[in-house]
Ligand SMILES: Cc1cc2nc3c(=O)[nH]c(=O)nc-3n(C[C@H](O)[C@H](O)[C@H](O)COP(=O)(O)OP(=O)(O)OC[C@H]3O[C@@H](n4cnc5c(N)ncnc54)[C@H](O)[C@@H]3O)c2cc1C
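Take a look at this single chain in structure tokens; it is the form predicted alone.
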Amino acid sequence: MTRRIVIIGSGMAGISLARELRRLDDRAEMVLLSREPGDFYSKPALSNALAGGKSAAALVLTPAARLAQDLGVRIVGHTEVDAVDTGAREVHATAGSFAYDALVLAMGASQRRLPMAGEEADAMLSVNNLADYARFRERLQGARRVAIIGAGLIGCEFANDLRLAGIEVDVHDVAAQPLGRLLPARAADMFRRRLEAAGVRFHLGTTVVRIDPAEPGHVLSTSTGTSARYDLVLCAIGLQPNIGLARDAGLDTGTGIRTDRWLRSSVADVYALGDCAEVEGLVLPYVLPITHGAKALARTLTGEPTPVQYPAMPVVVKTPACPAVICPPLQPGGAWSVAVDGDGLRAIYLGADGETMDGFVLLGSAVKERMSLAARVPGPLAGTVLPML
């Protein structure tokens, strides 16, 4: 019997799964529902496209119509999913109701929003999809100075990209260093100095508390009593998995939609993949976990139960002013060992036993060691597991 698989979400997770499914099964009926048009683009590319002069349209890798034709999948774009009825095995959306044999929630994550005082507290932009990027590009027309709230991965990538485009950038964060807890102090200091040399101005250990109107632009006021005018304010304080639909449908949720190693939720025949998923307690909003998860889930859905296995998955930070690769340790109790060689820095995180390499950070010329070090780090979900029950 031909199965109908409904996928909610047209981001990297949803479309990667559709591609893997079609590679394994040329008969399965697939329906992909999305609030976006359904075009395929690389979400990570949004934070470094400006300096390259790329418009939102130029970031589309495969239009929805071409995807639908190539994969034999029905793509229903510009639709909001209102509810999932797990008893009736139906998804209810503004475009209609869709029955499923297997349902995959690949709804991604949304940018967190800061509670903010001031008449223009809602003026902050965030960039989390192609439409956001188009609006960002439009608002940047004529802008000379931009404030970024958040000195994490996305905030620092946007800061570097804006500087390459010739725009002044101030980055505000309550943390004492950029990239939060991802970097040991010595690495964070080098990373900060390299971005500052490129023109990025950091305001760390402070909180933006108000956004008020100015002529033109906005005035930001901080907890330390300073204020400054900006043409545009970008919020980049991190992602929050989209779990509301799953929670309302009665699925077990925590930070994300809780799943086992087979990406099964707490409800039969409902799975979660990508940034919205919490796999065995891990929420990993990066590209490689999506790639590994899509391959494993496609095999499971086509009759070969396959647990996801995550090897070490270093994250490449797209900051040309200071190239960086981070493989964050997952277990506390260890210590960093840091060495600087020329314009490169190599930081190794040794576990509690003082011998096992549990993570690493590479900056500058040291990024060339990424593959050799990754081979020495145990993955967060690696090795054999018991058969699926």
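The structure displayed is predicted, hence computed values, not measured ones. Just count from 1 along the sequence shown to find any residue number.
Quick note: we don't show the form predicted together with the ligand, though the next part is all about it.
The candidate spot formed by 10, 127 and 158 lies fully in contact with the ligand in the predicted complex, as each residue has a heavy atom within 4.5 Å of it. Contact annotation: residue 175 falls outside 4.5 Å of the ligand in the predicted complex, judged by heavy atom distances. Using a 4.5 Å cutoff between non-hydrogen atoms, residue 106 counts as a contact of the ligand in the predicted complex.
At a distance threshold of 4.5 angstroms between non-hydrogen atoms, residue 328 is out of contact with the ligand in the predicted complex. Mapping the unseen interface onto this chain, residue 79 counts among the residues with a heavy atom inside 4.5 Å of the ligand in the predicted complex. With the partner left out here, the ligand still marks one of 213 to 221, 250 to 258, 312 to 320, 164 to 172 in the predicted complex; by a 4.5 Å heavy atom cut-off that stretch is 312 to 320.
44 is the sole member of 344, 63, 351, 44 with a non-hydrogen atom within 4.5 Å of the ligand in the predicted complex.
With the partner removed from view, the residue among 154, 208, 297, 147 that has a non-hydrogen atom within 4.5 Å of the ligand in the predicted complex turns out to be 154. Residues of 16 to 36 placing a heavy atom within 4.5 Å of the ligand in the predicted complex, in sequence order: 33, 34, 35, 36.
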